[in-house]
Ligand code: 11C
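Quick setup: one chain, the form predicted alone, written in structure tokens, and binding and motion questions come after.
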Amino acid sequence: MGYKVAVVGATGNVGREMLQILAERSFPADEVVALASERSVGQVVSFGEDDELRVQDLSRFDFKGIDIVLSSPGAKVSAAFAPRAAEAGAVVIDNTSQFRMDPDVPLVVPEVNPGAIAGWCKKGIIANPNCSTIQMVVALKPLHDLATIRRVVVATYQSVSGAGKDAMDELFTQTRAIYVNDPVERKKFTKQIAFNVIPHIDSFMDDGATKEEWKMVVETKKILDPKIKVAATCVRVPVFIGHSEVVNVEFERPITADEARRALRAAPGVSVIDHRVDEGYVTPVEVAGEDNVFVSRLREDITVENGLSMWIVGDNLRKGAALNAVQIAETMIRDGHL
């Protein structure tokens, strides 16, 4: 017996990726429904290589009979519809920031804290973490198990697809404008993104951090360990797909780069590409379309006791969003929650 699945935000970057991944992984669905805002009603979206779905109106949709909702429509929309879908009997796996820090909503990365899924029954909602948090904690989990992480300092290099399709269009349009000597127009970003980097993602908070940086701090604590101290600086870069992170980690106990490399190679969802030669590392171009989180440039940091530095790269639309949500649903089925 298959499940009835609704994908909310089906016309967005993540929603389209959710549909693609459901088809790729032969998810056991008897029916898949594509939902979006009223302005997208009637559009056709791809489901796998051969099938298409016609978009229906989220505001008018009756969730009765739907088993699983994969959601990525924006926080305000999720706040309005997710409780309604849960009340109708669906499990909502939400990719927005709306429910992540709700104590009654589990925040889950299946390779890291699958046991937290059991808390879904409190509100019928499971939160998908922030894209940058996901790829970082997937890599940190086996190292934390090995030597206990004390402190993490991370700088991100986040692609424009994390800000949506309009952001991708703006990078393309600005790049073309520069080459043909046209005026460069800014709509989505606070500064020119083409041939530039912007140390500002989401809104600023009172302490000078951005909301994106705050998310990485509090989400890491909720998913991995509340004792871990995290300092984050999040930067938008002119890359279409793929987030990268420079991560410096301080541990409670001694750990060598070789020990860390072995632990990472044995960990689920991690690929280690770490050769100290030209091209012996991974960049965002290579990880687009890949499911795993990739670790390169792993080395010991001699400036602190028990320190390591590494380079972590992942496809932000897949493992950073859509794939993680589908994996949560797969884990629920495997463990008998559905």
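All of these numbers come straight from a predicted model, not from anything done at the bench. All residue numbers are counted from 1 along the displayed sequence.
Omitted from view is the form predicted together with this ligand, to which the following refers.
Taking any heavy atom pair closer than or equal to 4.5 Å as contact, tell me whether V237 reaches this ligand in the predicted complex.
Heavy-atom contact with this ligand at 4.5 Å: absent for V237.
Evaluate N130 for contact with this ligand in the predicted complex, applying a 4.5 angstroms cut-off between non-hydrogen atoms, and reply yes or no.
Looking in the predicted complex, residue contacts with this ligand include N130, since a heavy atom lies within 4.5 Å.
Can you work out whether N95 and this ligand are in contact in the predicted complex, taking contact to mean some heavy atom pair no more than 4.5 Å apart?
Yes - in the predicted complex, heavy atoms of N95 and this ligand come within 4.5 Å of each other.
Q174 near this ligand in the predicted complex, any heavy atom under 4.5 Å?
The answer is no: Q174 has no heavy atom within 4.5 Å of this ligand.
In the predicted complex, which of the listed residues (I201, A232, I117, I125) lies with a heavy atom within 4.5 Å of this ligand?
It is I201.
Listed residue (A257, A163, V77, A209) with a non-hydrogen atom within 4.5 angstroms of this ligand in the predicted complex
Comparing distances to this ligand in the predicted complex, the residue within 4.5 Å is A163.
Could you tell me which stretch in 155 to 163, 138 to 146, 178 to 186, 260 to 268 has residues with non-hydrogen atoms within 4.5 Å of this ligand in the predicted complex?
After filtering at 4.5 Å, what remains is 155 to 163.
Hey, which residues along 237 to 256 are within 4.5 angstroms of this ligand in the predicted complex, non-hydrogen atoms only?
Heavy-atom contacts to this ligand in the predicted complex: only H243.
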